[in-house]
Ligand SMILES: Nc1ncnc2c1ncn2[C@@H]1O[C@H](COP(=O)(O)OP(=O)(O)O)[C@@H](O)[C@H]1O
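Presented as C-alpha cells, the chain that follows is alone, the form predicted alone.
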C-alpha cells in the first residue's frame, strides 16, 4: 500500500446468496450448503446453497483514498456503498480481492486497524438506553483508551456543536430519532480517528442541523491534517459541497472517480447559457441559423421567454448577444448553466438520480440544470 493512501482496495468483491426456503418435517426451513475446504471462515458467513439466488454487492472495486482527503461515495440505494464501508471498517469480509486501511490489510489485521478508525451510520440505534448522553459518549471514549479529562473536553465541545448541551444528562431512551443521530455523530469524532467512515451522517436531520454538521466536518479536517473521511450520502448538493473527490458506484461497480468539478466536465461538451428576454421578444428567431449554436430551446416563462442554447465555442456568446440586440430583443438576465452531479449520474448510470431529499432543501441549494448535450 502506498504511504500516501489512507484507504486502498484492489478488485474488491463481495457476493451474497439468499438461502431458499423449503418445507420440511417441521414446516418452512432455511437451508444452506455446508462449508467447503476452499471457503474461509468469514466467507462461510454468507448464505450459500445450490438452489440459492446469488447477487454481487461489490464487483471488483479498485480505488485509492489519499491521507487528509474527504472522499465521497455516491450512489442509489443498493449500489454497494454500505457494503464497501463495512468491509473497510472490518465488520464484513470480502469474497475476493483485497483492501487496506491505515496501511493494514482488513482481513489479516482487523485488530490493528480498529484503534485508528471510527464509524457513524445514519439512522443507526446505538448506545445504552439507561445511560445519559454524556455517560454514553464517555463510555465509548474510554473503550478507545481516551483519558477521562480529555474525553469530557471533547464531549462538551461536540455536544455544543450539534446543539445537545441541554440533553447531556438525559437518558438516550428519551431522545428523539434526530437527537440520537446527533449523539452518534459526536461518538464518531470523540475518538479522534485517523480514518472516519460517515455513512449518511445527516440522514433524518433538519436543514439547520445538517448544515451545522457539514460545517463542522470541514472544520475538523482543517484542524486535524492527515485525518481522512470516507463519506456516503444520498444528497447531491452535500457531496458537491464537501468532497475533494467522488466515486460514483452503481450495482456494485465503480463507474467514475474524480473531483466534482472534473466529473461535471465529463458531461459538458458544449458551454450552455440561459437568456431571459422581455415579454413579446422574438429576436431569438435568427439564432437558429447561426453555425456557432449547437442546440437551442425556447421556453415560455412568466414575464418573458427563456432561450437556452449550447454553443460550439465559449467566445460565441458575444455574437449571440449582439444578434439579439440588433433584432430589438431586450435581455433581462444572462446565466451560464453549469452541469450538475445529476447530469453526471444520468450519463454514467443511464437513469435519473433518486436520492432521498423529501423536503427538496438540498436540491434548492443547488438548482438542477437541464441535461447537457
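Residue numbers count along the first chain shown, from 1. All figures in this text were calculated on a predicted structure; none of them were measured in a lab.
Only in words, not in the display: the form predicted in complex with this ligand, which the text now covers.
Segments offered: 169-177, 80-88, 183-191, 135-143. Contacting this ligand in the predicted bound form at heavy atom distances within 4.5 Å is 80-88.
Here is the short version: of 204, 163, 76, 103, the single residue with a heavy atom within 4.5 Å of this ligand in the predicted bound form is 76. Checking 320, 305, 57, 63 against this ligand in the predicted bound form, a heavy atom within 4.5 Å turns up for just one residue: 57.
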